[in-house]
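In C-alpha cells, one chain follows: the form predicted on its own.
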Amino acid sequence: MSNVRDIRRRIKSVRSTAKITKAMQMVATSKMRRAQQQALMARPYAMLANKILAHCAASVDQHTHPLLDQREVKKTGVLLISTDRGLCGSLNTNLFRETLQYDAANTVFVTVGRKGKAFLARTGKKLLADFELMENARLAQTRKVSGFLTDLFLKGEIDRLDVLYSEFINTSTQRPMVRQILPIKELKALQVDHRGNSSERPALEKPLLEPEFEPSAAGVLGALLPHYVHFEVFQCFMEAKASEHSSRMVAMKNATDNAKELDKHLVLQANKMRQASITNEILEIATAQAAMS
C-alpha cells in the first residue's frame, strides 16, 4: 500500500500544478489579447509614416541627414528585447540563438528584459546598458531607450543599430527577427494587408497629386526621422510583448493538458494497484479458509 500512497501523493501534486498552470494560462490569455491588439493597431500607423517619409525622401537628397549616413560598420549596437519572466516556451532560446551571428569583439548590447541581461552575463558578451520597462510601456517610456541608442549612433560610438526581438505572427507562431534601425536604409513605402502583415513596395507609386511640404520636404524629413526611429523601437517592443504573452499562453495550455493526462495515468495506475491488492487479500482469505476446512 505504500506504493499506492506514493502515487496518490503524486496525483495531489500534479493536480496542484495543473491548477497553477491553468491560472497562468488565463492570465496570459487576457494579456495576450490586449498586446496583440496594440501590436496590430500600430502597423497601419507605421505604414502611413513610412509612406510620408518615402515621399519626402524622393524630393530631397537622402544623404543630408545624419540618421541616413551610411558608413563602414566597425562597431554594431544590438538592442535585445527579451522577457522578464520565463515559462514562455522556447521564445527566449530562439531569440538568444540569433546573437551568435554577431562578432562579440565588435558588438555591444543594450537589453530590455531580465532574461536577456542574464544571458549576456552568462555568455560574457559586452552589455552597454540595461533598461527596465513596464508591462504596458508607451512611446514616452521607450523613447528613453531609442534616444540613448540614437545618441550612440550620432556620436559615432556605433556604426549600425539592430533590434533583436520576437516578431508576432499569430497566437501559435512567433519568430526571432533582426531589424536594422540605424542607419535608416533606403526609405520605401509599406503596405499592410487585411491580416496586418506589412511588406515593402519595390518602388514608390507616383501620387495623383504631388504632395506639398511645409516648410520644405527636407525640413519635414529632418523632423520626422527621429520620430521614425522612436516609433520603430516602440513597434518592436509591442511585437515582443504580443509574442511573449502568446507563447506563454500556449506553453501553459500545453502544461495544463500534460498535467491532466498524467493525472489520468496516475489514477488508473493507482486503481490497478488497489484492485490487485484487494484481489490478493481475497485470495489469502480464501486460501486460509480452504486450509482450515
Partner chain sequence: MPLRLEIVTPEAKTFDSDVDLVVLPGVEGEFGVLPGHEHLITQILPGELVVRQNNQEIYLAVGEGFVEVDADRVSVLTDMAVNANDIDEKEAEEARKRAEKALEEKGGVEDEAYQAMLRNSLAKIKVKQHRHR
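Residue numbers count along the first chain shown, from 1. Here the structure is a predicted model, which is why all the values come from computation and not from measurement. Throughout, rigid core stands for the largest set of C-alpha atoms superposing within 1.5 Å between the two forms.
Only in words, not in the display: the form predicted in complex with its partner chain, which the text now covers.
Residues with any non-hydrogen atom within 4.5 angstroms of its partner chain in the predicted complex fall in just one of 95 to 103, 118 to 126, 70 to 78, 138 to 146: 138 to 146. Of the residues 31, 253, 65, 51, just one reaches its partner chain in the predicted complex with a heavy atom at 4.5 Å or closer; this is 51.
Mapping the unseen interface onto this chain, residue 262 falls outside it, with no heavy atom inside 4.5 Å of its partner chain in the predicted complex. Using a 4.5 angstroms limit between non-hydrogen atoms, residue 131 touches its partner chain in the predicted complex. At a distance threshold of 4.5 angstroms between non-hydrogen atoms, residue 86 is out of contact with its partner chain in the predicted complex. Contact between residue 178 and its partner chain in the predicted complex is not found at the 4.5 Å heavy atom cutoff. Residues are counted as partner-facing when one of their heavy atoms sits within 4.5 Å of its partner chain in the predicted complex; in 22 to 42 these are 41, 42, in sequence order.
Annotation for residue 70: C-alpha shift under 2 angstroms between the shown form and the other one, rigid core superposed.
Once both forms are overlaid on the rigid core, the distance between the two CA positions of residue 37 between the shown form and the other one is 2 angstroms or more.
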